[in-house]
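Below sits a lone chain in C-alpha cells, taken as the form predicted on its own.
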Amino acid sequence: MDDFLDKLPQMDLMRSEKMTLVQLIIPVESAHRCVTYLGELGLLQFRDLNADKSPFQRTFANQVKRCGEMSRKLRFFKDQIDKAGLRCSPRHELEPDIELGDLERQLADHEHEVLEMNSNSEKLRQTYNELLEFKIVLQKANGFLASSNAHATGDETELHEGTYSNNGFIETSSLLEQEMRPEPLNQSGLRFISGIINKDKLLRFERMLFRATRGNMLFNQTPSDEEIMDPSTSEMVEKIVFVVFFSGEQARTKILKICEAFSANCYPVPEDTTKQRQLTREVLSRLSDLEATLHAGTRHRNDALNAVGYRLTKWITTVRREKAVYDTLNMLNFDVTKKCLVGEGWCPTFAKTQIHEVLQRATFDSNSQVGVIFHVMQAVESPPTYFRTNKLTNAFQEIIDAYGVARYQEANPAVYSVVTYPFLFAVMFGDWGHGLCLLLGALYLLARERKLSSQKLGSFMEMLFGGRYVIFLMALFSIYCGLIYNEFFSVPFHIFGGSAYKCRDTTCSDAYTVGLVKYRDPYPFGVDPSWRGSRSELPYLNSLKMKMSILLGIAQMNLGLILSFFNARFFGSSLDIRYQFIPQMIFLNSLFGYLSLLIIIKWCTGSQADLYHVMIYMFLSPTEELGENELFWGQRPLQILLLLMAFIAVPWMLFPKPFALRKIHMERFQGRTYGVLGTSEVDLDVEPDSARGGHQEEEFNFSEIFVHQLIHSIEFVLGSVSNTASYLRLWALSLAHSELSTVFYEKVLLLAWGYENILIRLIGLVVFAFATAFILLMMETLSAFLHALRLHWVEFMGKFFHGDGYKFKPFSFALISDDDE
C-alpha cells in the first residue's frame, strides 16, 4: 500500500511548495542593486534581523525618511492636479531612469514653484474678492441711501469706515484710495455702516446688533446677485449686503466689533452719486486687471502641473520601489568590519537557481570585486506556506485562507473546494433558469476581464470581479442541479422526453392530484415533471433532498478523514493513524455510513422500511427483530456488530494515544531511543517532520495531553451527529429556494397574467422581475454562498485542517500597493 501511494503523481496544489531558508552576504557596493533585482524577481521573503531596533536606529533610516518626504511631495502634486481638474496621461516615450538625488532636487524645485504660485494666487484671489464685494456693496447700498436721503434731514452726514489709521489725505490720490481712508467723523446726526456677510450668519448677526444697540438702529439687507469664491475652500458662497443706520460714537464702536466677530467685511460708500459712479468705475477697472492677472497665473500654474503630471506616475513608481528597497535593506544586518550586509530569508526550493543567477547579474552590473555569498541554512522555525495559483484557483485559495492559512506542507482543502464548493452551492440554489442568469453575469465579468483588471473598482465590484471564476462554476453547477430538480424559475419542462406517468382514466384529465399511474420506464434524467403540482410533490421532494443531503455530507466528511490520514502519513505520525484516523473512520461509518447504506438500498429496492425506526431501535433494542423494516438478510447481526465497533472506537480514540506519547517521552529521556517524536500533538508550534523541536526541551505534561485528547474525542463524537445534521441545510435551503420561486411565479406572474388589462400584466411582470433579481438572485445567492462556506470551514476542514500557518510574502515590486507608503 505504501509503495502504491508513493508512486502516485504529486498534485501541485495538494501541498505547499517546499521552502528553503537561505543566507545572503552582500557587499555594500552591490547591496542596493541586489535587493532591487530580487524585488523584480519576487521570490524571496526576507526575515527582519533588526526586529529589536526602532525604525530610527536602523542603518538606512535617513534614506527611508527621504523617500517618505518625496512621497509626500508626490501626493501633494497629485492633489493639486486633481484639484485643478487636469487630466495628465503619462507619456509613452522611453525616459532615462533618474537618480534618487536628482529626483529629490527636482521635486523640491517643483514644490517650491507650485507653493509660491498658490500663495500669489490666493493673495490675488483675496484682493479680487474684496473688490468684487466692494462693487456689490456700492451697487446694492445705493438704493438704501437714496431712500434714506428722501426722509432724512439736512444734518445727516456721511460716515466713512475703513481699516487704515492714517488720516493724511493726498489730493492727487485716486478716489478709491481716498474712500478707503476715514475722514473726521461728525459727532452728531444719523450715520451708517455698509458691508457684506455670509448668508448663514445673517440672522445671528442681526439679532446681536439689535441687542447691542438696544434696538436703536435700522438694519437693511438685500441678497447679492452673484456668489463669491471662498479662497480657503474654493467653494462659491452666497452673501448678503447690509446697511446699518445708527447714531452715536458708542454705537459705531459696538457695531464694528460685532462685524469683526462675525467676519463681516465693511466697505465705505459715499452718499454723493457722482462719487459713487467714479468709485464704481475705478473698482471695475481694477477688477478687470486682476481678472486678467488671475487667468494668466492659472494658465502658468496649470502648465507647471502638466509638466509634473506627465512624469508623475513614473516618479511615484520610482519612489515606491526605492522606499521598498531601503525598507528591505533595513531588515539586514550591517557588518562594519567586513563592509557587508547579512540577510536571511525564505524562498521556494525551485527558485534557488533563479535567485543565484539574479545575484550574479547584480554583482556584475554593480562592478563589484566581491561576489554575493548565497548558501542554505538549517531551519529552526516553521517555513511559510506558498501555493502557486492561477486565475481560477486563486479565488478558492483566498476562501480557504480567510479561515486560516494552511500549515507548512499540510493538505490543502482548496484542491477539492474547486469542485465541492460550487456543487454544494448548486444543491441549495438548483434552478437552471436562475443558473443561466448567474452564468450571464459571470460571462460578462470574464469577457471584460482585461479591461476591468486595469481599472480601480469599488469594494463590492472588486469582490465580484475577484470571484468571477467562482461565480462561473457556481452557475454551471446550478444549471446542472436545476436540470436534476427540473426547475426553470420553478416551472418543470419535458426536456428529456415524456413523463413516466399518465391518467388511469378520463376523470383525471384535468387533475394532477389523483389517478396518475406509471406506464413506462422512469424519466431519463432528473425529477419527473409530473410530480409538479401533485398531492405527493412535497413529501417526495423532501424525502429525496433530505436523503441526498445526508449522502453528500457523509461523503464529504469521509473525504476529510481520508485527508487526515494522508497528513499523518506525510508527517510520519503513525500514532495519528492508529489512534485517530482508524477509530474515527470506524465510528463515523458504523453509524452514519450505515445510514447512507440503508438509504441507497431503500432507493434501489423500493422498500417501504422506516429508516427512522431502524436507526432509533438500533440503539434502544439492537436484538429486537426488524420485521417489515428489514432491508436485507443479516441486517440485525450487522447492526449489533456496527454498534459494538462504534462503542469500542470511543475509548480507542481517547486512551491509547496519551499513554503512547508518555511512553515515547520516557524512552527518549532514559536514553533507550533518540528518535524524533513525530506527532503534531506534542508541540503544535513546531513542524512535525523536522528535528528542529529537539533543541527545545519542554516538560512533558501528561495531564494536559490527556485533557486535550479527551476534548478532541468528545468533540469528534458529538460533532459526527451535529455535522451530519448540519448538512440538512442543503435540503432546507433547496426547499426554501424552490418554494419562493413557486410563490413568485404563481402568486405574482400567473395572477397578473389572468387579467386582460395590459397595465396589470406589466406591473406583475415588473414585480416578478424585481423579486427574482433582488431576492432569488441576490439574497438567495448570498445565503447559499455563506452556508456552503460554513459546510467547508467547519464540517469538512475541521476533520484534518489546522490552519495555523503563515503566508509566504516575498519582497516583490509587483505586490507594492498604495497603502505601503
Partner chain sequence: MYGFEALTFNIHGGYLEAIVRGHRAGLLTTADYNNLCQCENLDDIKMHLSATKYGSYLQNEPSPLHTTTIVEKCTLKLVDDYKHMLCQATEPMSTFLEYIRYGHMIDNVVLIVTGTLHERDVQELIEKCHPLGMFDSIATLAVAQNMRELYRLVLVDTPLAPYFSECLTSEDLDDMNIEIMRNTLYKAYLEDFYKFCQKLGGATAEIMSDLLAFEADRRAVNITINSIGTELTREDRKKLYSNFGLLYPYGHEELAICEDIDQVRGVMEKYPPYQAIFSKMSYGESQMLDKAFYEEEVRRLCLAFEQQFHYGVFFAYMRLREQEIRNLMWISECVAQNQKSRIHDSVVYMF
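Numbering follows the first chain given and starts at 1. Rigid core here is just the name for the largest C-alpha set that superposes within 1.5 Å across the two forms. Just so we're clear, the structure is a prediction, and the values are computed from it rather than from any experiment.
Not pictured, yet referred to below: the form predicted in complex with the partner chain.
For the chain shown alone, N757 is not a contact residue for the partner chain in the model of the complex, no non-hydrogen atom being within 4.5 angstroms. In the model of the complex, none of the heavy atoms of R105 sits within 4.5 Å of a heavy atom of the partner chain. Using a 4.5 Å cutoff between non-hydrogen atoms, H375 does not count as a contact of the partner chain in the model of the complex. Looking at F706, you'd find every heavy atom of it more than 4.5 angstroms from the partner chain in the model of the complex. Of the candidate stretches 57 to 65, 782 to 790, 36 to 44, 769 to 777, only 57 to 65 has residues whose heavy atoms lie within 4.5 Å of the partner chain in the model of the complex. Among the residues I258, M548, V415, L445, the one placing a heavy atom within 4.5 Å of the partner chain in the model of the complex is I258. Note on contacts: among R286, K254, R578, R468, the single residue with a heavy atom within 4.5 Å of the partner chain in the model of the complex is K254. If you take 192 to 207 and check each residue for a heavy atom within 4.5 Å of the partner chain in the model of the complex, you get R204, R207, in sequence order. After superposing the rigid core, the Cα of R214 is displaced by 2 Å or more between the shown form and the other one. Fitting the two forms on the rigid core leaves the C-alpha of E715 displaced by under 2 angstroms between the shown form and the other one.
In the core-superposed comparison between the shown form and the other one, I648 has its Cα shifted by less than 2 Å.
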